[in-house]
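Heads up, what comes next is one protein chain in two forms, each shown on its own as structure tokens, labelled structure 1 and structure 2.
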Structure 1
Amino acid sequence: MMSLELLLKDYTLQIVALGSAVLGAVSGVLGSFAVLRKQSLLGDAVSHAALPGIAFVFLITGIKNTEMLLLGALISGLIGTFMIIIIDQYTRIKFDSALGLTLSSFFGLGLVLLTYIQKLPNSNQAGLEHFIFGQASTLLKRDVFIMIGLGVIILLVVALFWKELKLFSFDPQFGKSIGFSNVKINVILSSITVVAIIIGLQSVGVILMSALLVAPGVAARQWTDKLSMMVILAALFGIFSGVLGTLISSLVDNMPTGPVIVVVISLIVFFSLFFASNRGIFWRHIKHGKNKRNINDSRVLINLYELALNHKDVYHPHKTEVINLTNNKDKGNANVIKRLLYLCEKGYAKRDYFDTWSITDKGIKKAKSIIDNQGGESL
């Protein structure tokens, strides 16, 4: 409650939260495509590749103008992305090696330029590295407006090319065969992704920007099989973690905003992995246990049925050891008794004596239908 009040009153906080929310939404949407195309780490490489552009622009202009620096970052980010795509297409080098190579050599070049700038007489270069390492708390109203403007453009482009992007993410070969140009779509998607990364750099920094591009998409993927739902969910997760992260970092002393946002979104991912409907590990585990028990029950019943067929009197009782098919006598017996008790409860078997069991009419019918269905029927 206190945090809500703070959010409504504190102007600076509103600005930062708004910026983080926009960033979360945009990177959630674009991240969904990156995750589906198995290019999650592109964000990491591009955000590193932006450094030489920033340093180069500063070297030429000598002033710290946000728009110009962003433009430099954008251009060198794009060059990096196209290098990665070209290396990936023309050589046998794997995509991840191309990423790592571009990331390290571009960042290295950026460091070279930064140290070169530092040595220049009376250059006011202090704080240039904040562009790379990010500082959400220093976001200004103007920065947030730029972010909103670019964010809206990016979302419009996604809406406009929705069909192509969808086709490209799931079946590029088919798309090519019916006449869509993969190269063009790749260029469009990479370009808007680079723009999104560049606007994120300033607030959360290089390393954390890559998380924002991966995590919302992965979390959203767990809840749905539809691309449209996935994109919307990813955007919502992005917004939620952006706002919550900003709030936490403003309520607790000495809490850096970017890392808190990343921790929040990571927790959302872990929660989704465990509890998402259908796919979640937790539900999968329960379903798995149920299936296993079901199969064991059927196995015991069929065994009982086959034993019964060997006798003139089908209701002839059998000892637990005979019914048990496993090698492990002690543990196996206990297990079989448990299964048999369950069968008795359902009326498929009868306990004759304290460790002998016989099948019932209902059980015979059930066993026959299981065999006819090749085990496909559950008890």
Structure 2
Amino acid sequence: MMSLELLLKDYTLQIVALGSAVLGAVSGVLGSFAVLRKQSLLGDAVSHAALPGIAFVFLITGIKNTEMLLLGALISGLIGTFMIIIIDQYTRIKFDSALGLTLSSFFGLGLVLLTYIQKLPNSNQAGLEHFIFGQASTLLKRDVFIMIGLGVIILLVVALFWKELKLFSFDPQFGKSIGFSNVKINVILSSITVVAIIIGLQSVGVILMSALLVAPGVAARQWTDKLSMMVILAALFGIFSGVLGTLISSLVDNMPTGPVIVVVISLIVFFSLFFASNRGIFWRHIKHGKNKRNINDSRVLINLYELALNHKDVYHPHKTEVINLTNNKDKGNANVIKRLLYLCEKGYAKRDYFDTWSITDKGIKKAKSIIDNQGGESL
């Protein structure tokens, strides 16, 4: 409640929360495609590649103008991205190796330049290190307007090339066979990803930006198999984590906003991994157990049906031991009895005296249906 009151009254907090929400939405949308293309580390490489650009611009201009610094980061990030694409397309080096090479080279150069800048007799250089870890509290109104403008452009590009991006993410070879240029689509997607990363450097920094780019898409993927729904969920997760992270950080003095945002979205990811209804580990375990029980129930019913066919009287009762002999995967009678009791509840079998069991007309019909469908139908 205290955070909500601050959000409604504190103008600075409103600016930071709005900027974080915009960044979360854009990161979620683009991160969905990175996750599907299995290129999640691209954001990590590009964000690290932006650091030398920031340092070079400061060395040339000697001033800390946010727009100029981000322009340098954009140019450096684009150069790093095109290097990755060129290495991947025209050499035998694999994509992950190209990412690692570019990331380490550019980040190393950036740290060297920042170290050199810190030794210059000019007090203006103080604060450039904030681009490494981010400092969302320094966002100004004009910074947020820039983020909103670039974010709208990025979303418009995604909407314009939706069909191509969808095809490129799921089946690039088919897209190439019908005339689409995978290289051009890759360049477009990589370029807008660079722009998204650049607008987030001031908030979460070089190191944590990759997490914000990937995590919403990973969380959304656990809840749906539809791309449009995945993109919407990823954007919502990004917005929620951005606003909530800003509110939480406002409650503690000197608490950095960027890391808190990443922690919030990470918690959403872990919750989704375990409890998502579509792919969550917990629900998947429940579904697996249910499917296993259905298979065992069907197997026991078929065993009972085959025993009935081999007897003059199809309704002749059979002992549990006899039924279990034909059920090789069930080692004990206890599990078979449990399955038979369930069949009795469904009306497929009937329990007679002296622990014997017989099939019913309904059970015969169901067993025939299962056999005719070759296992495609179960209980």
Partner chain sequence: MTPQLEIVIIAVIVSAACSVLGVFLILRKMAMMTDAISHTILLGIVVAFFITESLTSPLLIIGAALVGLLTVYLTEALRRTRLMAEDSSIGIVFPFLFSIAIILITKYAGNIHLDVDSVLLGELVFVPFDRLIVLGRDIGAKSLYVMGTILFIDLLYVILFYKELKLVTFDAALAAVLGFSPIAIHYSLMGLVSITAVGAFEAVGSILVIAFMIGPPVSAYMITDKLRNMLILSTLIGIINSIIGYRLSVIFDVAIAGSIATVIGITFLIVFITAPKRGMLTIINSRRRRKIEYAMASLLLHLCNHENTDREEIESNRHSIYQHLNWSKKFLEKILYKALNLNYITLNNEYLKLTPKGREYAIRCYDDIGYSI
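Just so we're on the same page, rigid core means the largest C-alpha set that superposes within 1.5 Å between forms. Structure 1's sequence is the ruler for residue numbers, which start at 1. Model, not experiment: these values are computed from the prediction.
Each structure shows the same chain on its own, and structure 1 is the form predicted in complex with the partner chain. The residue from M229, D313, R293, A276 that marks the hinge of the rigid-body rotation between the two structures is A276, the others lying more than 12 positions from any hinge. 14 degrees is the angle through which the smaller rigid part turns against the larger between the two structures, based on C-alpha superpositions. Superposed on the core, the two forms differ at V300, whose C-alpha moves 6.8 Å between the two structures.
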